[in-house]
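Laid out below as structure tokens are two forms of one and the same protein chain, each shown alone and named structure 1 and structure 2.
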Structure 1
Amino acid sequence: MEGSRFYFFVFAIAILASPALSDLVLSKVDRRIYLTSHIVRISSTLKVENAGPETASEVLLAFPEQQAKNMAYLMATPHEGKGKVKKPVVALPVEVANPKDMPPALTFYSVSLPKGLAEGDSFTFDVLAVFTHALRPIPEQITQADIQLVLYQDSAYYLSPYAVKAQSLTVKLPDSRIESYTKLENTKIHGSEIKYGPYENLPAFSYSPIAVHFESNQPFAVAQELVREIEISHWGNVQVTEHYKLIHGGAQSKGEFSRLDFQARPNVRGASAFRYLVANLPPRAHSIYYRDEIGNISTSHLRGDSKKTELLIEPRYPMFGGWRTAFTIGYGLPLQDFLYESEGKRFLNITYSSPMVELVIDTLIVKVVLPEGSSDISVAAPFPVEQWQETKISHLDIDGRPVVVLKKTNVVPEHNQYFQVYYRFSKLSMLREPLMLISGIFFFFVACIVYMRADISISKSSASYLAKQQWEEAQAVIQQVQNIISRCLATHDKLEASLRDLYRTGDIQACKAARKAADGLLKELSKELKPLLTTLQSSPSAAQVLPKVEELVTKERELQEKVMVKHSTVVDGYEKKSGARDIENRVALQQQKLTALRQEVEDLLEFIDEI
């Protein structure tokens, strides 16, 4: 419906429009329409001749409104003959033009020629126009088993404000299965190519609608929104994160989806679905990940060589018509490949669009996150983009990083050109965050030290504080006393042990030696004990413990004496060679007392311990 109305409209234009804009004539037009993917590319070679007297410097290109709406990219380059050495192609400037007296349903672009065309001169140039969403699926809904058929509409004649002397049109299709196509005179079909023309001597605004209805199972991958975040770290990394919202833009899927059919005959049952996408990442891309909001997606493959890194990603499920998905891919790039310095400024030189092959992007937002402290930011983009600035606060930032946002709609792979972001950044700013961390940790430790060292009790002269301090001192002294007592006890044990050795070996000399050593030790200990006791006596806070301590000391003395006595009796007994039984009898009584005393001493020790 819409289409036919449109044709009618264009015909009206063709009839009504004034014969020619200027005296330019297109002497030869070769058009090739590539329908091999869902991005339609029309490449035309135009030969312009100036038939009029005035010098012409501009050539107008006309596109019907419907095409102009879908046009994503337009480029004109001077034509180079075949076999010539390829020189770097300089694109001719193309601008939107609004010439007067022209039908409003057409959109015009003017191509500025490198030099003005004098009368009779001719100039040949190529025009590449790329369109998105130009293929309409018919039928609009298909089942899993159906193949996807799409319709493409255009004119068999080159629509131009100038008269065209000779022209031809080639339509390239993905394969030879064609449902239907408009047959005009001079229409030939060659495998997957349909040729219209040549047509000669057509007036300006000639139009002859054609429609091609053909099978296309190419992936109709459309990113409804893509947010690319390029974050520069001067520590050596450019981190690229790309958030995709993807839809299969072809014929809507309807009815059942059967995994069985899809798995058994994927090419028949599910021909219209696409399973994977290929991204050509820059070489030396690293730390590549592929995930969505519920986690890692494990179906991806990575191949890398020195020229590029090829990432093959499969969405979680095969994408049938109308199905959507969303995912994120991210990768790191070495800084030195993308960041350069010129005239005191740094600039990032990186491609604008997505690395995905044959992906249409409806809205592309590129955010370049510059390091904190960058200033004097400017952008050089090869095509017009909407741009503004934001700030992003990331790891340990204080006032945020400047973000340059570039937004463009209707993006095709041809837009994958380098753009530059210039900014100034001092190297010292790099150290800001590490220094912040270091000083943070440093102050933490300082605070710890201060806390540990400083006495933060509320009052130092209060009675309770003093009492506590005295009590602590007294406790320390008591501890020492206890140590001495336990050492004494240890000595006693040693004496006992020597006695036992005596029983076993009968070595009296060793036993005596042990006795001597013990005597010396005990004397020393008692010497050590004296000052401690005096300090205890003088301390008021130890008053309640003092009796116990003193008792302990006296008991210990007693014990010591008893041990000595026992020792000497046993040794005497041995020296007199009296029988073992005899000695034991004599010692038995002493032994009883000894154990009792020992017990008491230990109890006392225990008691003091618990205070």
Structure 2
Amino acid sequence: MEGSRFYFFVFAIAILASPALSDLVLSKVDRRIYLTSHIVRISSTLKVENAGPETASEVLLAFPEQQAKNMAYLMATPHEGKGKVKKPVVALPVEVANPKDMPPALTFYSVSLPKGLAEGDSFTFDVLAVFTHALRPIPEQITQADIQLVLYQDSAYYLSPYAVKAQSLTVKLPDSRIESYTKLENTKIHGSEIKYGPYENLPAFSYSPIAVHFESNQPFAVAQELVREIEISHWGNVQVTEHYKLIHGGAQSKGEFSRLDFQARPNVRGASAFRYLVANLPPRAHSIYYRDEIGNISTSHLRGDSKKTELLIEPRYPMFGGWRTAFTIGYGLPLQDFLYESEGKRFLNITYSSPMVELVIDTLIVKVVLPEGSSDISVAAPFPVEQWQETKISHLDIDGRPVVVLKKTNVVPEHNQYFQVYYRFSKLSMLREPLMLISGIFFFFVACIVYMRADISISKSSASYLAKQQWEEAQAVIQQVQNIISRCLATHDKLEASLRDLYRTGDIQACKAARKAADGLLKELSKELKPLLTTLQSSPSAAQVLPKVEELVTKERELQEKVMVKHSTVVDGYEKKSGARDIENRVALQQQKLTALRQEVEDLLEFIDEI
């Protein structure tokens, strides 16, 4: 129904066409429609003649409303004949036009001619129009094993507000597998090409609808959103980070997916899916990475030469119709290849769009992060873009870095042209971050020195300070007490060793000498212990631990007495020449008490040490 309305509408246009546009005539139109990918490109060569007395300075191009909505790119250039030396292409100015008495359902563009076209003069130029989402999947849903069929609709006649003397149309398809196509007069098919025409002497706004239903298993890669961040560092690097939200824009996948079938026969059980994408990076790109939210993706291949660096990336899974994925690629570029100076200003000269081959981008946001301190910022873009400025706070920043944001919708590879960002930046500003870093490290060490050497206590006469000082003094005294008790225990061990030697050698005199030395040492240690106990008894801070210390000293003295009794009993037994078994029986009970007391003393030492 919508198609029939459109055709009727076009017919009405032909009736209502303004005669004021009839002075110009298209003597020859050669149109070529390329359907080899999901991006539709229409290349037209137009030869225009002025049949009227007034000089013409512009030519109007007409597009149906729906086609104009899908138009992503439009360029007009002077035509260069075959065999001529190709010169740098200079595009002709193209602007949206609103001619009078034209229906609003047609969108017009005006192409400004290099010079006025007098009566009888002619001019030949080429027009390239690029469209997105112009191929409609029929059927709209397919299984894993199905091929993808798409439908394209257009006119066999060139829709123009001018009369056309001669015209032809060639439709280029991906291959020769065609489901159906509209057959008109002078229609021929040669392999993967369908030719319509030539048609002669057609009036203005002539229209003859055609439809081509054909197989297309090309990657329908569509980035619903792409955010490119280009960060400039005057220390020698331009860092590019690209965040993709990708979808397969072809026929929706239905049914179950079998990884086994896909791996076994990918060209049959996954013909409509795409498994990889290719990005043509600048030749000196380095530090390249490819990752998503999970982490690094290792299924990528990189190869390069002096002209480009080709990055082939594979998503984590094959992309069927309607399937989505999100990932990030990043790479560094040498600063000297993209940053220049002119008239006291620096400017970045870099491509605008994605390096991905044959990628449609619904929304593209490019963020150019300039160094902190940049000023007098301006942008020169080869096509209209929405732009504004933001601020990004990064490491060692004070005011933040200015960010130029450029936004454009419906972006195709033809938009991957160079644009420039101009700004002023003082060379002294480059020293800001190193000086901040050096100063920060310097002041950190100064603060450490001050902290280590300064007394930061509130007051030496405060109660907390005095209490802390008294407790430290008490700790020192307790440590001395512990050392004395440990020396006493060591002396006891020496006496036990002398008894073992007595059992082994029977040398009573050596045993008595050891006893005499031990008595002298224990007396000295007892003298050292008395003032320490007096100090602890007079210290309020030691009140909590004093009972345990006193218990420790008491237990040690009790242990010392029993050790001496045991020693005397054993020596007396040897002097009286008693038997060894008899001596052991006499000291057995004493030995049990000694062992228990020794354990108590060691437990008390451990308890006090924990306090």
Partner chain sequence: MAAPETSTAAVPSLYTNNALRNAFGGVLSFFILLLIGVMAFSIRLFSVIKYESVIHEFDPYFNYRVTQFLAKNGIYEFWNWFDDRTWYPLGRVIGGTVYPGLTLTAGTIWWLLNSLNIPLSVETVCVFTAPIFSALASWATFLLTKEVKGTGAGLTAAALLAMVPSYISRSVAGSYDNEAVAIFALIFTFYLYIKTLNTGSLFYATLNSIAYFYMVCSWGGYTFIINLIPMHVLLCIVTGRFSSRLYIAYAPLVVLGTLLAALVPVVGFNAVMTSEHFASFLVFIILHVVAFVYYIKGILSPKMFKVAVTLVVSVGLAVCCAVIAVLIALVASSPTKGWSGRSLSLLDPTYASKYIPIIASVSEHQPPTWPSYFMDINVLAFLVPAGIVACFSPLSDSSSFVVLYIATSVYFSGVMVRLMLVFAPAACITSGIALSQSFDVFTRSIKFQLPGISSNTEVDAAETSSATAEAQNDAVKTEKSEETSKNRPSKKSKKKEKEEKPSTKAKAEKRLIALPLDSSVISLLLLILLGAFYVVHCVWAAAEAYSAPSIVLTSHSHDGLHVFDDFREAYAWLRHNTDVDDKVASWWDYGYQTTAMANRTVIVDNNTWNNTHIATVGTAMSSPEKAAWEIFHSLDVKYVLVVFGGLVGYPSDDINKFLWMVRIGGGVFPHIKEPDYLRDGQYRIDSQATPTMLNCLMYKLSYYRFVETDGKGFDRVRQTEIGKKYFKLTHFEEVFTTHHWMVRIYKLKPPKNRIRGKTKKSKSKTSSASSRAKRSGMGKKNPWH
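Quick note, the numbers are simply positions in structure 1, starting from 1. Since we're looking at a predicted model, the values are computed, not measured. Here the rigid core means the biggest group of C-alpha atoms that line up within 1.5 Å when the two forms are laid on top of each other.
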- Item | Answer for which single form is the form predicted in complex with its partner chain | 1
- Spell out whether the Cα of residue 551 moves at least 2 Å between the two structures when the two forms are superposed on their rigid core. yes
- Query: residue 502: CA shift of at least 2 Å between the two structures after core fit?
  - Reply: yes
- Message: For residue 67, does the CA position differ by 2 Å or more between the two structures when the superposition is done on the rigid core?
- Response: no
- Query: To one decimal place, what C-alpha displacement in Å is found for residue 517 between the two structures with the rigid core superposed?
  - Reply: 27.0
